[in-house]
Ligand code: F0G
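One chain follows as structure tokens, the form predicted on its own.
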């Protein structure tokens, strides 16, 4: 008689009700597609992609509960009931009394930057994010990285690499003056560091410091439930608290936040700004009418706001967020078996390949991460994205490349879309590319747009 074994396996907490066919292609087909796209995975046609890990932004699978809500869209131009339902849920889950919807997160970033930043200001944060920084720069501000040093080390296993370094922050405040800092912002988890969270202890310390100097503290809460999950799993005293409770506590330390609803809320479009600052709210509510649409729809259909409101209710469910992080952990553990260089600890929304160690023979100005992302697509049709020299862009004053310490390829998991079998295919492809890594020669950039070049830049093989 076989011995009874401890239960270690797990499965996705959903069953598949509808499927979308995906096209399988040959290597020759993908080589041609990659060349036509200028070896930029953003310029590939979706229909030519087998497993799409480009982003988790708007690529998630909505639940039957959300789809049912789509049929209840109140498409009135003003005062849609879906708007008020969404506002109630923003109050409930984020604890912010004021709310302005937008068509996506970067629209909220744009409004906050125009409202709060003056030319010559400095905006400290726990590592840059691409769209956030460009809005800050366009408003006349300068982003300053005040994240802990461990965040720039791919091999460091610090559990909260998203933490702000209080010494760096206070030194900046003393150097430029509190009146030159419109707000400090924290993202959680930190995308460009590999999906790394901050701790509640660090947030409390930063909150005390900003309060001491009279500086506002804002939150990029786009993936806040992932940060809450890591606090629950890693930080003493939070083991028994729910994701909902931790999220509310996190938000209680901020003056306001912005969200791309296309992530945590598991919808295809949407975003918002929420705050406890009535003055900022009034300015944003006036500005949204200019740039997005009326303050009660912000560029969204009523049905989209209904799906967002229901997504808020689902995003704090432990099984949903746990499954997401466990898919990432499973992928990382499988890649480790082949010795593939990774960012540690594994993030909440993606596995990040360390392109500097993956392709050590390529100098950074040969775009190793961009090269690697293109080669993975050519090998198997798996689409990831570059997070390195291309994403970092050019210095606004000198025009020279910014050379980040991290040169990464991000493989992002859309929520509730792929199974472990898809992950296995992706792992085998990356392992195969790793075996052939010495044959890669790098890329030359042949077209570069002025802003956010990683979306549209084109390259050719060397």
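Numbering follows the first chain given and starts at 1. Bear in mind the structure is a predicted one, so any value in this text is a computation, not a measurement.
Missing here is the form predicted together with this ligand; even so, the following discussion is about that form.
Review point. With the partner left out here, if you bring back this ligand in the predicted complex, are 104, 131 and 385 all within 4.5 Å of it by some heavy atom?
Key: Per the other structure, all of 104, 131 and 385 touch this ligand.
Check your understanding: If you check 370, 227, 260, 82 against this ligand in the predicted complex, which one has a heavy atom within 4.5 Å?
Key -> Residue within 4.5 Å of the partner: 260.
Exercise for review: Find the only residue in 165, 292, 220, 304 having a heavy atom within 4.5 Å of this ligand in the predicted complex.
Suggested key: Exactly one listed residue reaches within 4.5 Å, namely 220.
Review point. Taking 4.5 angstroms as the cut-off for heavy atoms, does residue 109 touch this ligand in the predicted complex?
Key: Yes, residue 109 is a contact residue.
Point to revise | Partner contact for residue 57 in the predicted complex: this ligand, 4.5 angstroms, heavy atom | key: Output for residue 57 is yes: heavy atoms within 4.5 Å of this ligand.
Point to revise | in the predicted complex, residue 191 touching this ligand (heavy atom, 4.5 Å) | key: Output for residue 191 is yes: heavy atoms within 4.5 Å of this ligand.
**Study point:** Heavy atom contact within 4.5 Å of this ligand in the predicted complex, the stretch among 136-144, 323-331, 123-131, 175-183
**Key:** Going by heavy atoms within 4.5 Å, the stretch is 123-131.
Review point. Which of the residues spanning 402-428 lie within 4.5 Å of this ligand in the predicted complex, based on heavy atoms?
Key: Sequence-ordered list has one entry, 410.
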